[in-house]
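Below you'll find only one chain, the form predicted alone, shown as structure tokens.
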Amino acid sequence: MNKSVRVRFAPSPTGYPHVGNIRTALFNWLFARHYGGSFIVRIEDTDVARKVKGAVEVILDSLCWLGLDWDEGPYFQSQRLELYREAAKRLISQGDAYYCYCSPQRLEEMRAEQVRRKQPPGYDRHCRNLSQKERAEKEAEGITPVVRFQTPLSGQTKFSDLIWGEVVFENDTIDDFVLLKSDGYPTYHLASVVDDHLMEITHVLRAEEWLSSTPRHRLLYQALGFEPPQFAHLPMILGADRAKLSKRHGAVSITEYREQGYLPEAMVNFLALLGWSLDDKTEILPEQELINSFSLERVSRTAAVFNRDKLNWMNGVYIRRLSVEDFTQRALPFLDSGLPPEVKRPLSIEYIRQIMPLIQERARTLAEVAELAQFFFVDKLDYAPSLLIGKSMSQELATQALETAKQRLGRLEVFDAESLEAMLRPLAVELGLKTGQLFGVLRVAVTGRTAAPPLFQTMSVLGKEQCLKRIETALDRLHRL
């Protein structure tokens, strides 16, 4: 790299950032951090009609959540309009652009006719060669024109893409695209080229969908006498069914993943592997490892597949790597909002600290914590009484097991995991049961579930009084069967 790397993330606030947007931001950020360069945030807010209230805040908040810190910005294109208007005037004076007075109605009729004739869509250059007199007449009618680029009618536009290699477009397939709209705001094409030049962007890493726009941008760079940056177009992201990513696959606002209990470090790891890989086997890559390893050489041309199951697995791995205290602090808001309203608030942080190690192994998201831990907090358990009768057991045997366990537990002076195990294992033998049978009946009685955290530790956290109370309730349910 002869120049210091400067890349940008340039979202449009016409919606909330989804997986594809943030993957682009992440690749730019990793590229900048790998080469010790600058990561710039630029808000491309020139599409006034489609701007979504609050979108800018959500975009910036999403970057902050994921730890994608920026070195410059955020810049706002709406505050730089004069720069684009000056560039448009310069292109007109050079003969590289012209005023177009075509009404929306005429353009609509033109497109309908092109569709009818099965012609490729594109402006028909109706205003390209208007005389001075014709232009004056249009001005006199009070028509506010747009500014269009005067695309060469022959030849080719070539560029080398850092992922796709050499790309060639025939100029006669590129229409005279709009640079400046009638409201005085620039299109993406003009504004991004002007800003990338003025901000000295060295590399443009963006989604594959912009590949077909790149010849327009190269022509603009050439007409304006700007040195173009290097381009890298990132592969598409598809759903597991290989269809274009949509809301049903996970193309929702990235903030929804935070609300669903995904860890930012897991999301960064997962998104980094959507189109890039270190090798054919490494899946878990902490942030610093991603920075050290990232390069465009390992970015694939093949579409990446968004696999929600893999994200869940990866998030679970990261949850298990948290310290108990960190896991507790991160899970606390999800417990507070997810537990039933009848659970007494404020929740005891000391009690939660005892519970967290027991469910940390099973949680895949922080949002699952409330459901996994609910039986620790509620007074009444909701389960089918038939679950108390384990495999190869009768109602009488299950009743006897619970009655005897209740008596022995009541006599225990120390109610910790070690004491419980030392008492309950021999009891199974005494009752002629397999340990799995006795433990299974007790597990349902004290948790209301057939699958729960380790039994002795769970009973210890619940405490003697609560366990005996729940066993009594279970016996009552058995008697009523």
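Don't overthink the numbering: it's just position in the shown sequence, from 1. These figures come from a predicted structure and were not determined experimentally.
Form predicted together with the RNA: not shown, discussed below.
Note on contacts: among E371, E287, D124, E283, the single residue with a heavy atom within 4.5 Å of the RNA in the predicted bound form is E283. For the options R353, R408, R301, K89, the residue carrying a heavy atom within 4.5 angstroms of the RNA in the predicted bound form is R301. The stretch among 361-369, 223-231, 130-138, 323-331 whose residues place heavy atoms within 4.5 Å of the RNA in the predicted bound form is 361-369. At a distance of at most 4.5 angstroms from the RNA in the predicted bound form, none of the three residues Q260, L335 and Q466 contributes a non-hydrogen atom. Interface residue remark: S182 is counted as part of the site for the RNA in the predicted bound form, having a heavy atom within 4.5 Å. Contact between D61 and the RNA in the predicted bound form is not found at the 4.5 Å heavy atom cutoff. Using a 4.5 angstroms threshold between heavy atoms, G436 counts as touching the RNA in the predicted bound form. Taking the partner from elsewhere, G67 is found to have every heavy atom lying beyond 4.5 Å of the RNA in the predicted bound form. Contacts to the RNA in the predicted bound form (heavy atom within 4.5 Å) from stretch 138-170: V146, R148, W164, E166, V167, V168, F169.
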